[in-house]
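We begin with a single chain expressed as structure tokens, specifically the form predicted alone.
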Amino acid sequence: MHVLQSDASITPQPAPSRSRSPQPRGRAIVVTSGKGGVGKTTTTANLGTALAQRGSRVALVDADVGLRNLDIVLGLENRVRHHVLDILEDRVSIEDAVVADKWSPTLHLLAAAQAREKDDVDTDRMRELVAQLCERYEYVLIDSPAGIEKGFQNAVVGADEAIVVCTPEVSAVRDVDRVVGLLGSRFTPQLIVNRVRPALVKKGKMLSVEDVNAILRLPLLGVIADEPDVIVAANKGEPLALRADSPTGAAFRAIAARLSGEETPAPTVSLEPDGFFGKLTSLFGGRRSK
């Protein structure tokens, strides 16, 4: 497990005339939506994997106390020994609780408690925990539970950025719109439209990305097609972001590049029938749609 050394543990002392630059604070990003079943956990796992594959130090935090699933999607369920509440209640350290990923050495998971309730989480302590993780990692992705009650509050309290995941359904759009309102002026979330079926969009039987964002008017981070392999990969605990032959994996890698500051277009899918779910193209060019 990767542990950052403190200056005190380094024997040679710096020259008096030179100062040591502080470690930059990591970015705390909550992945949320309001509605359940839209793919928040899959998005968190794949985006975290894609960022780690780029060499970044990444911590994934499962904030869905009582219903944890992030460990399963990552294939780490057998490695979990401690959870978030063990840290918040001072039973173990962060270093003892995080689980190293099987595929990416710079990716770590902090699992949720399975046999506890969301009301057991002290929100202030959760904020402190995220701040501590940001001292150790470049990215801290927080997987928010469904709903807008205590679990949502615990997930967003330490975040300074948000990604909202929305499927092309009226109910999902409505719930995301509510979440955006709750986030208020703290930050403007970025949008991932998930589980798009180009054939249904083309026939007018599914909302298009333009339809979704005509209501939400958020910066578009990317679009993910409804690829059958997403479910297979989740059941196997192997994120598609690891696969070079997966359009979904390519989309998550492009999203990770955008988060990292690269000037690359937001990934989406074409409505044309050529290729598996259509080829990756650009939509909105990364600008905010108003």
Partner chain sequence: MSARRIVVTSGKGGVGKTTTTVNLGAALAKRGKSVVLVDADIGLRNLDLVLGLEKRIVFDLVEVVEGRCQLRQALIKDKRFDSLWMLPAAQTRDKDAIDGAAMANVTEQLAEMAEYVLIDCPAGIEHGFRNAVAGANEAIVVTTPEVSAIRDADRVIGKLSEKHLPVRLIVNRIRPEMVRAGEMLSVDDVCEILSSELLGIIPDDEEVIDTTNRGEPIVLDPTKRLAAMYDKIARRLEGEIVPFTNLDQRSFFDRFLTGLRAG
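What you see is a predicted model; the values in this text were computed from it and never measured. Positions refer to the first chain, counted from 1.
As for the form predicted in complex with its partner chain, it is not shown, yet the points below apply to it.
Taken together, the three residues G158, L183 and R217 lack any non-hydrogen atom within 4.5 angstroms of its partner chain in the model of the complex. Put simply, of D124, E169, E210, E95 only one has a heavy atom within 4.5 Å of its partner chain in the model of the complex, and it is E169.
Among K202, R91, K102, R174, the residue placing a heavy atom within 4.5 Å of its partner chain in the model of the complex is R174. A residue is said to contact a partner when one of its heavy atoms sits within 4.5 Å of a partner heavy atom; A257 fails this definition for its partner chain in the model of the complex, lying far away. Taking the partner from elsewhere, A146 is found to have a heavy atom lying within 4.5 Å of its partner chain in the model of the complex. Residue contact check for K118: one or more of its heavy atoms lie within 4.5 Å of its partner chain in the model of the complex. Although the partner is absent from this view, R68 contacts its partner chain in the model of the complex, with a non-hydrogen atom inside 4.5 angstroms. The partner is not drawn, yet in the model of the complex one stretch among 245 to 253, 47 to 55, 217 to 225, 231 to 239 has residues with heavy atoms inside 4.5 Å of its partner chain: 231 to 239.
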